[in-house]
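The data below hold one chain only, encoded as structure tokens and taken in the form predicted on its own.
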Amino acid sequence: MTGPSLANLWGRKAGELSSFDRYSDALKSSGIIWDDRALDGWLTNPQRMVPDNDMLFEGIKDGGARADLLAFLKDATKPGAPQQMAQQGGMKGMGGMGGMMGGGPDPNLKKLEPGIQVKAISYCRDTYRVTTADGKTRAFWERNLRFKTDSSKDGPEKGAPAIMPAGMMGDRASVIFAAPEEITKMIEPRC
């Protein structure tokens, strides 16, 4: 799962669902109990509500859209709610955002900012943890982290892979290596 289950969300303490291993320390220690007010704040601006959380989602500024989303979530996540999201084709009003994003030209990965230079990758069960040169570690569900190579003139230096965002929700990324043999050398199994 990309994120934790939202089933029975109202009244649950943030960061404590045992079936999800990728909560940020900031969210786990926030003390938030999810209710209408807390969720509205989270959906408005997750970083303002819980600084240093791992949610890349920037928020929904439109109060009406947030109210509609909260009403939908409250109904869809209550105990015994049918799982109809896929059959309904997702939420209305999202503008068909489920497709691929075009990103323009590939960036030059020769000189990397600390926030995108990968220093370590560990793997435990279904989760990869990627640590960058700025000391930050992000957790990814195994299906949301891609390993790629780029041996072109703009690809990363040997031994200095880059992590680049991918997807529209901010929960996917690609780690780009200079050569295939670097991939398995970099990943450390560790729980």
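Small disclaimer: the values here were computed from a predicted structure and weren't measured. The numbering used is simple: start at 1 and walk along the sequence shown.
Another form exists, predicted together with ligand HEM; not displayed. Remarks below refer to it.
Colleague: Is the gap between Ala14 and ligand HEM in the model of the complex 4.5 Å or less for some heavy atom pair?
Modeller: Heavy-atom contact with ligand HEM at 4.5 Å: present for Ala14.
Colleague: Would you classify Ala133 as touching ligand HEM in the model of the complex, given a 4.5 Å non-hydrogen atom cut-off?
Modeller: The answer is no: Ala133 has no heavy atom within 4.5 Å of ligand HEM.
Colleague: Taking heavy atoms only, is Ser24 within 4.5 angstroms of ligand HEM in the model of the complex?
Modeller: Although ligand HEM is absent here, Ser24 would touch it in the model of the complex, with heavy atoms inside 4.5 Å.
Colleague: Going by a heavy atom distance of 4.5 Å, is Met55 a contact of ligand HEM in the model of the complex?
Modeller: Contact with ligand HEM, yes.
Colleague: Consider the chain as shown here, without its partner, and state which of Ala139, Met49, Ile60, Ala160 has a heavy atom within 4.5 Å of ligand HEM in the model of the complex.
Modeller: Here the answer is residue option Ile60.
Colleague: Pick from 119-127, 31-39, 139-147, 152-160: which stretch has a heavy atom within 4.5 Å of ligand HEM in the model of the complex?
Modeller: Among the candidates, contact is made by 31-39.
Colleague: Relative to what's shown here, the Cα pair Asp126 and Ile33 differs by 3 Å or more in the model of the complex. Does it come closer or drift farther?
Modeller: Compared with this form, Asp126 and Ile33 lie farther apart in the model of the complex.
Colleague: Just to spell it out: taking the C-alpha atom of Met55 and the C-alpha atom of Leu112, is that distance smaller or larger in the model of the complex than in the structure shown here, given it changes by 3 Å or more?
Modeller: Distance between the C-alphas of Met55 and Leu112: longer in the model of the complex, by 3 Å or more.
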